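First comes one chain, alone, set out as structure tokens in the form predicted on its own.
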């Protein structure tokens, strides 16, 4: 019998507590708020409360081999509602996932493929770094590739994996480039040298891979001169804001909604074309619940003429996760196979209940997740999914013009 699992469970929990920002899991009073708050807790063999209980009881092997280890989607609800301030999302889950892999348990196949893509290509989609700037082909504004021409800029935009490679997100990337140019700021990107920031990799339990990405990215960023680091991805923002500094890599970083909200009065005179639509906004978990940034995205939407903003019953702190965080983008099959459901399907239904024409989002993952969910729930053509950037671009007269058929 492994001595760590037979009589060392308390030591494991103490070690996890020391490595996290929150209180030790040993302080858990088994109140059950975490399990009751977890959107997938009903389907987990071990929701957060039981994870702690079973490890403390010496059943670590059983916990590490459970499918439940891979069912957390990083929504932060359990952490924020824990009365003992135990850091469950950022602390307990990644640490146990890391131990699970060290113990020889294989993560779901989708995650294994994602890990391989990151090792080989530096991005989750397995695309060539040479394709990083394909989104900018034919763009009507200049794009400064700082990997080829280094110069000081106001904004260094970390484009991200999905905005770089995924066709639906590339539309948003081009709109964002036009908005940055309209604002009159100097900006640049890292081109083929850009790699994943690594937040979801950290949440996977791949701490070693995350540290490697931090080292590679910080070396590249330290060579640049910029005032603000901006990202479209809330997960990347979270990593750069909260976890990169732990490795000596601090940067002035903003999610794009924060960046634009600070410049709203500069944008406002150009917001002249009405978007006649009822819009509801989905609060993403990283910038929303975790970082308490709720007002900035709503201020941007309310500044667009013609927009009528309505709220889902679950919003702000209580918003339902889309299911894409914490590695959830690659876990849908695993979650459904073990008794769960796709949270994006449930959330799109909540959006439809408001009577909205548009579900507005501010995360690259959510475009794909919610557009697919709209098809599954029979809402395609009735409820449109748009990034806030797209809606702003329409009102600014900067929207994508479809190519003429040949």
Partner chain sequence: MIGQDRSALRIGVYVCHCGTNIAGVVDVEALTSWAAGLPHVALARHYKYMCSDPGQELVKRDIQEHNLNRIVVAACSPNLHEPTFRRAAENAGLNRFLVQMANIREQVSWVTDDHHEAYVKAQAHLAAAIRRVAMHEPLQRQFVQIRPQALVVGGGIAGIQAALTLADAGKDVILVEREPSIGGHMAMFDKTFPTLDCAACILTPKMTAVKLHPNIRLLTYSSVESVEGSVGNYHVKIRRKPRYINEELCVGCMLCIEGCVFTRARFPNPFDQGLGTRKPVWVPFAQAVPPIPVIDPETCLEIARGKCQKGCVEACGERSAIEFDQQEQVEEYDVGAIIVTTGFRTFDPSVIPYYGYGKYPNVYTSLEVERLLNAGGPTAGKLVLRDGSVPRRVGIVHCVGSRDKNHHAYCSRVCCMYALKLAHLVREKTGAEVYNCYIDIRTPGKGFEEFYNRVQDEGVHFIRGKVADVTPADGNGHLTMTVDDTLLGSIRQLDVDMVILAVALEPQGDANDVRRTFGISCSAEGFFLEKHPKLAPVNTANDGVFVAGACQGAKDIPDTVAQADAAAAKALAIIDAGQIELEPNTAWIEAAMCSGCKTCIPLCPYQAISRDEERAIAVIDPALCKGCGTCVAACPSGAAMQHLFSDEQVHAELEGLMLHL
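Computed from a predicted model, the values in this text were never measured in an experiment. Residue numbers count along the first chain shown, from 1.
Beyond what is shown, the protein has a form predicted in complex with its partner chain; the following relates to that form.
> Quick one: does residue 81 come within 4.5 Å of its partner chain in the model of the complex, counting heavy atoms only?
Yes, residue 81 is a contact residue.
> Could you tell me if residue 342 has a non-hydrogen atom within 4.5 Å of its partner chain in the model of the complex?
Flag for residue 342 set to no.
> When the contact criterion is heavy atoms within 4.5 Å, does residue 50 count as touching its partner chain in the model of the complex?
Because a heavy atom of residue 50 falls inside 4.5 Å of its partner chain in the model of the complex, the answer is yes.
> Is it the case that residue 313, even though its partner is missing from this view, gets within 4.5 Å of its partner chain in the model of the complex, heavy atoms only?
Output for residue 313 is yes: heavy atoms within 4.5 Å of its partner chain.
> May I ask whether 29, 36 and 41 all come within 4.5 angstroms of its partner chain in the model of the complex, judged by heavy atoms?
Heavy-atom distance to its partner chain in the model of the complex: all three under 4.5 Å.
> Quick check for you: of 214 to 222, 167 to 175, 193 to 201, 316 to 324, which stretch puts a non-hydrogen atom within 4.5 Å of its partner chain in the model of the complex?
The contacting stretch here is 316 to 324.
> Quick one: from 140, 154, 85, 113, grab the residue that has a heavy atom within 4.5 Å of its partner chain in the model of the complex.
Checked against the cut-off, the match is 85.
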